[in-house]
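Okay, so here's just one chain, in structure tokens, the form predicted on its own.
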């Protein structure tokens, strides 16, 4: 009798475990996957523009920053050229006198117009470089000394000899070698 009772209890326990471990999802219908990618719905706006490093940072005042950043590059030259020219004349002794030009032969008004259009220009027919002694703003290589070139064009005058203490960032190269494969950046550590 004890043995029969033990068998009945064992069967009841196994049945109880089997029933409690099952859920009610037995319809076998296919499950529609939930999208896991980014949601591109809504309205987006540009938060920052930095086609040429440091130019926006230096020549766009904090009161103009938000408006400048949402202005399409095609409209920036006309809208901000005079502010950039005033910035050049206020910052650089190389533009202190009427008729002063930089090494590209651009006076403050013309160079201000070039700088105010915040894009990285690329030439499809010239070597890619920010400046290599011959080609200017035909693209940009990672190893290009962009800040020194910008300082030379802003402070260096007609032949890059004016204001030598302002015309060089004194950083001649990256502190680490660039990678030889995409994305070609140096490791951070």
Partner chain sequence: MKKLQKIWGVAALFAVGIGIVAADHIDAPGVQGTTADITDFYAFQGENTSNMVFVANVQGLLSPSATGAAAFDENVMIEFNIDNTGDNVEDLVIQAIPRDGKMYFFGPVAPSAPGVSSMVMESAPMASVDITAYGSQAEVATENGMTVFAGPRDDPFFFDFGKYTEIIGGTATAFDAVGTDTFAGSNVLSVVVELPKSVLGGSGTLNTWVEAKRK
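Note that this is a predicted model, so its numbers are computed, not measured. Residue numbers count along the first chain shown, from 1. C-alpha atoms forming the largest set that superposes within 1.5 Å between two forms make up the rigid core.
Below, we refer to the form predicted together with the partner chain, which is not included among the displayed structures.
Proximity of residue 133 to the partner chain in the model of the complex falls outside the 4.5 Å heavy atom cutoff. Interface residue remark: residue 106 is not counted as part of the site for the partner chain in the model of the complex, having no heavy atom within 4.5 Å. The partner chain in the model of the complex is approached by residue 72, whose closest heavy atom lies within 4.5 angstroms of it. Contact check for residue 57: a non-hydrogen atom falls within 4.5 Å of the partner chain in the model of the complex.
Applying a 4.5 Å heavy atom cutoff to the partner chain in the model of the complex picks out 171, 172, 173, 174, 175, 176, 178, 180, 181, 182, 183, 184, 185, 186, 187, 188, 189 from 171-189, in order along the sequence.
Core-aligned CA deviation for residue 41 between this form and the one not shown: 2 Å or greater.
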